[in-house]
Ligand SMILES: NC(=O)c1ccc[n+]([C@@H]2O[C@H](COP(=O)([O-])OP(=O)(O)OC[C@H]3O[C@@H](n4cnc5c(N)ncnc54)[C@H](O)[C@@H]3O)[C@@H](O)[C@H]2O)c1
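Heads up, the chain below is alone and in the form predicted alone; it's given as structure tokens.
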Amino acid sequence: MAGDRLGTAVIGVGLIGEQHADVYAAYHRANLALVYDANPQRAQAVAERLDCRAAPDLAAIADSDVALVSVATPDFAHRDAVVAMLDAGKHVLVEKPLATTVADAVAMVRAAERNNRHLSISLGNRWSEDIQDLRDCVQSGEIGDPIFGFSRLSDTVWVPTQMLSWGSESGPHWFLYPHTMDYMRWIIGQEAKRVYARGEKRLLPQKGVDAYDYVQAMVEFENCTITFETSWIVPEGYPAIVEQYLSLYGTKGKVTLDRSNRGFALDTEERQLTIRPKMWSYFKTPDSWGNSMRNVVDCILDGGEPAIPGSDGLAVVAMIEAAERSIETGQPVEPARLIQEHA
């Protein structure tokens, strides 16, 4: 099928889903045919801008001849659309996280296996050059064997209180851990064995959002322990929407990634001047993140497996649910056992 243009569609063309549609519309190997959104006016506006059709419902996409569907609905609303598309014979790319329960994630992975279709997860950080360089550094043995690490990814309080209308049905762990837990698992090449976590709901409920202010999770991998920290209560005065750090220590050295201090800062006795880092521009994701879409298109046309399969998404969902259960019980939780419960 090399040289063909693959028919694609997008379900959910909100903040991030519209960018999925942009990628398909611009990619020379794809043909964006349909978009759907719970808000028909938004779907129509995106369809007119990108010269495709707005689908009246999911059935219209299931009955169409498109081969690949992106599902970019809110975090908690992936399962029904994903399973419906897989059962209709479509390949599916899901915006992170794959799901917000292990039960839903397992159902989606099983649907892909049942229908012999690709299921992939859009995790843009895997395609970022600095993350790829960091992985190459670790995998090549430059820091020796990983021993322990720390990863923080947090948002300002603006995200759950203003950007998202459904913050109470997610949380910083479901919204942000998919990135950090996925790329750290990928970087070190190990599976999570146990998760012990703490979290509190103190500030956000006062602002009308029933979500954790923060979650801190200590994850024991096969031969390495990493602490993951995430929150939705970074003050709006912080000079960026996203706060992101990573450090990993090994038997020969240490590697660090600091995305929060890449901007320009000036401090004198008279004034302080900070220019926001360039990670986001009106929440436009970096172009490299579009490789999640382009990769799956290429796999379908040329053969092969997507770079980020459904099994990777399931492994991360199990880590996050393990953190939730650990907060509730005060005990460590094994992600593998959560998957076994739904096998």
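Counting begins at 1, following the sequence as shown. Source: prediction; values computed, not measured.
Keep in mind that the form predicted in complex with the ligand is not shown, yet the notes after this line are about it.
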query: Partner proximity in the model of the complex: Gly14 to the ligand, non-hydrogen atom cutoff 4.5 Å; finding: yes
query: Val83: touches the ligand in the model of the complex, heavy atom cutoff 4.5 angstroms; finding: no
query: Pro205: touches the ligand in the model of the complex, heavy atom cutoff 4.5 angstroms; finding: no
query: Interface membership of Ala72, the ligand in the model of the complex, 4.5 Å heavy atom rule; finding: yes
query: Site test, Trp186, Ala315 and Arg325 vs the ligand in the model of the complex, non-hydrogen atom cutoff 4.5 Å; finding: no
query: Listed residue (Arg29, Arg49, Arg42, Arg53) with a non-hydrogen atom within 4.5 angstroms of the ligand in the model of the complex; finding: Arg42
query: Option touching the ligand, based on a heavy atom within 4.5 Å in the model of the complex, out of Val138, Val157, Leu164, Ala240; finding: Leu164
query: Interface stretch in the model of the complex with the ligand - options 194 to 202, 208 to 216, 247 to 255, 91 to 99, non-hydrogen atom within 4.5 Å; finding: 91 to 99
query: In the model of the complex: members of 169 to 202 within 4.5 Å of the ligand, any heavy atom; finding: Phe175, His179
